[in-house]
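Take a look at this one chain, the form predicted alone, written out in structure tokens.
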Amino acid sequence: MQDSSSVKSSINGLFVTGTDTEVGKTFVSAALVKSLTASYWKPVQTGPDQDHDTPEIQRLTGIAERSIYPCSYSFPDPLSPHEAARRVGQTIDLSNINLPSISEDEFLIVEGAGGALVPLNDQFMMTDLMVKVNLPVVIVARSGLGTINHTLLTIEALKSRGLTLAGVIMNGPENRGNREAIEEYGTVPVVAELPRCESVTAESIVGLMPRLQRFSESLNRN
């Protein structure tokens, strides 16, 4: 099984994807921003302004404006990026999405939209953006029934594209059997298990820090 310590300590960021929509990517991204003292970038955002993920990250982490990088694309409809763009007569151009220039000691959390194989346009998917930014990927997965299949499919899709996997973060009640199955069959470590919070607040994010400490230390960010 790959150990998270095998991810090079010299990396300057992580790409957060999920096994599905509404799986907790923004919740986990906020926890990682806090734990890793990181900056944040959401390249593609869909949905109305009040549901955007960047303000939620700011609310949960208190991150400074200078540590937030603007979206490359933002669309009003809460749909897959390719369809949300089409609805407003646009097409996402992957060449227009470029990793922000960050300082030498800065760490960046990049949050994807939807799951790994969500289309960006008629040619490219979210995995193609992952390949372009070339950061190790954290997979956010539910802890309950169905997660083994969804997580192993996501792992397979990412590995087939040569992407480096930093690990899986499971969201929800602890489930030892599912965790062990993902690690055994996916040969990827589960680097943290986070409880699903009914009400997500800045205080609840702070409360998650002990659960992420070991992962943060493996990245030399603690």
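One rule holds for the numbers: they count along the sequence shown, beginning at 1. These figures come from a predicted structure and were not determined experimentally.
What follows is about the form predicted together with a small molecule, which we do not show.
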{"item": "A181, C197, I68, A157 - the one with a heavy atom within 4.5 Å of the small molecule in the model of the complex", "value": "C197"}
{"item": "One residue of T61, T54, S39, N171 in contact with the small molecule, assessed in the model of the complex (non-hydrogen atom, 4.5 angstroms)", "value": "N171"}
{"item": "Residue stretch of 106 to 114, 92 to 100, 148 to 156, 128 to 136 approaching the small molecule in the model of the complex, non-hydrogen atom distance within 4.5 Å", "value": "106 to 114"}
{"item": "4.5 Å heavy atom contact, E22 to the small molecule in the model of the complex", "value": "yes"}
